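Before any questions on binding or motion, here is one chain by itself as structure tokens, the form predicted on its own.
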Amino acid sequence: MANPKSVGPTRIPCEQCPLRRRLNFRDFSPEELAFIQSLKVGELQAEAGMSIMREGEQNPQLYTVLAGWGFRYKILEDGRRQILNYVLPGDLVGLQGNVMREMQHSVEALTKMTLCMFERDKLPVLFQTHPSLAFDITWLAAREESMLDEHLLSIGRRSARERAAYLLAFLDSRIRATSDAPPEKSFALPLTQQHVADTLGLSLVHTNKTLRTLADQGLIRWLDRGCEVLDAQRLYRVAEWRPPVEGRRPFI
């Protein structure tokens, strides 16, 4: 697994952050924006398959995903991988390392990614001087916990078909929540079937059969590298799940 391609200076100042223009994200006050700009130390560019963080390492940075997809995962000693969750634009990466001193999981780029880098050592200043931003970080952590609760429920209690329907509906709803695209627009979820298998805790053969069943029912279309959701409402019914109503979400 390769390291990130490059770490460079800020190319996109916080004032011009593209996430600020999207309706689903909460904007900052002028004071908050100036403070966040003071925390930002640069931007990281990573190609698909490159490591952002590794389990067990101490990393002095926090990251916010500006563009692209990544995923959090853990690996057993024999090489088996469990994907824990996916990170999309607006998500915070590396907060766990600030609390635990070292990362308890790894993060890999699923597609080409751009991430904003922040100095982790300055995080206490944020809590001391900007309680609204501190609440935003708490919101992001609580939201991650809520998503992991649902993932655990899926692996523990849903059937293979229900698990697959939930995962694809969940990711489709997440990408829509980071975009201002109209509801009728379709998105390609940039997953391989191995990613799906490693998320669902199923063998690749079982995953392939399960996805083929959903495709035969007209719920999804599998692409060369990814998946397109054709009927999200029916996927929700299969998974017995619906996206939570979040309103305008924060980011750092």
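The numbering used is simple: start at 1 and walk along the sequence shown. Note that the coordinates shown come from a computational prediction; the quantities given were computed from them, not determined experimentally.
We do not show the form predicted in complex with the DNA, though everything after this point is about it.
- Annotated contacts: 203, 208 and 225 all touch the DNA in the predicted complex [non-hydrogen atom within 4.5 angstroms].
- This chain lacks the partner; the member of 148, 88, 177, 160 within 4.5 angstroms of the DNA in the predicted complex by a non-hydrogen atom is 160.
- Exactly one listed residue, out of 38, 51, 194, 217, brings a non-hydrogen atom to within 4.5 Å of the DNA in the predicted complex: 194.
- Partner contact region in the predicted complex: 152-160, out of 138-146, 152-160, 109-117, 122-130, criterion any non-hydrogen atom within 4.5 Å of the DNA.
- When contacts are judged by a 4.5 Å heavy atom cut-off, residue 26 does not count as touching the DNA in the predicted complex.
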